[in-house]
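The form predicted alone is given below as one chain in structure tokens.
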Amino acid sequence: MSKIIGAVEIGTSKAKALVGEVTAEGGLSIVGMASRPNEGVRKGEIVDYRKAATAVHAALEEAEKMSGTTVDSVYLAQTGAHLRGQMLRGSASVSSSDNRVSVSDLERASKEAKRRQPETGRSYVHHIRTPIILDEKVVEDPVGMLGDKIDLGYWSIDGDDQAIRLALHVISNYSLEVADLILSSIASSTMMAGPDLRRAGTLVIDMGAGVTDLALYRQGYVAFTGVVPVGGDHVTGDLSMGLRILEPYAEKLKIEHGTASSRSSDDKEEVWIIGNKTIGDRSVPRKAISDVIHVRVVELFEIISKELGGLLDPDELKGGVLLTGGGSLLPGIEEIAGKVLGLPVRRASFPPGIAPELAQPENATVLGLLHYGLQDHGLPGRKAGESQTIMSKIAGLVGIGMN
């Protein structure tokens, strides 16, 4: 029997909803997807609840209508500058008399790792497990092996309670439950960087409208995530101010004529702001557009470089840098990123099987939500469904009732 599950991204420019059908054999088909303009979010965080909820609910309604079915729960993306990540580690001695590792040994190490609580007013959004180490050797599944000590860790992301609560209420007010909260960068990375790239080491940069999400992998595991509060809307704002034009026209110029750096042919080329060459329209040098964009793009990658520091090690990142998100479509952006970050950079591509109309960079997060959420991320030896449900975790963390 198939299962219907949904995914929601409350983005800065658009709210997106997706409906997927999971077959009994584990296959996933996308049966409905919709997006709506969203004026209730700034830099990845909800600033106007009503506007954000209206956009999300309209997208959900359209996606369900398209699929001809309804969903009971959704995976919900989380982003915003309020999110912070840190590495938590725990260990446990093997308790059996014959020194064989048991599931309970792993659970004690896991509990020790998660013992540290976030600051008051903040809650954990996502715990992403790092390698399990048995007596200083990395092992995939140590259960049943001989050893003395288990070490494991989590890259753990916490966020502001109020921001989390608002996002949850948007979904609950549509009479849906949240199956899990998933970091936007992890969702898009799961979709755009396959297992081989993650094992080789890669940095995925998802360039959205309000924020840029980062996820860095080493040896197949997350080593860092981050959110830079700079995105495509900031480029549009710069063009609006620099060229003294309204933002809708600035956005149009960015999409139709923008490049990450100017070319020699731009020096003499003029483009029209409105495009109809009537009274009130005027032309601007194409080089002026590219120069404004270039400054902001360089600044963004310099912020990323400073944020990551020594983690930008070419020997540890054989997979290089992947760009995705709507901002990655800007011509020439790979070259600028490569110069600033000092690594090979390319635009990420979707895996085979994704319909062309869905396989757009701006859909990486919402598509990745289902692919990540449906995977088993529990400890080895645990049966599916044994983990605490996200609903009970959320209710305990942010103090809201889940009916």
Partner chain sequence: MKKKAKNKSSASAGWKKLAPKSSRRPVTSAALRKRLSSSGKFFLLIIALGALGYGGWWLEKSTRSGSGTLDLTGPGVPISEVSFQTDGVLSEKWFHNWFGPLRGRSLMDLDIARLHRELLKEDQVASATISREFPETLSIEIRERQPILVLHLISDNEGMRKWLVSSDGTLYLGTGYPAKTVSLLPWLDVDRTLIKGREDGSGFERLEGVSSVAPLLDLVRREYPGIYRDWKVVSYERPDEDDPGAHVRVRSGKVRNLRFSPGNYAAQLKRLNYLLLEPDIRRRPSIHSIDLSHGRSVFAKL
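Residue numbers count along the first chain shown, from 1. It should be emphasised that the depicted structure is a prediction, and the values quoted were computed from it without experimental measurement.
Missing here is the form predicted in complex with the partner chain; even so, the following discussion is about that form.
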property	result
The unique member of Ser172, Ser104, Ser261, Ser91 whose heavy atoms fall within 4.5 Å of the partner chain in the predicted bound form	Ser172
Among the candidates Leu214, Val297, Val178, Ala209, the residue which, in the predicted bound form, approaches the partner chain to within 4.5 Å (heavy atoms)	Val178
Stretch in contact, per heavy atom within 4.5 angstroms of the partner chain in the predicted bound form, of 215 to 223, 233 to 241, 119 to 127, 200 to 208	119 to 127
Heavy atom of Arg50 within 4.5 Å of the partner chain in the predicted bound form	yes
Distance check, Ile186 to the partner chain in the predicted bound form, heavy atom within 4.5 Å	no
4.5 angstroms heavy atom contact with the partner chain in the predicted bound form for Thr54	yes
Leu168: touches the partner chain in the predicted bound form, heavy atom cutoff 4.5 angstroms	yes
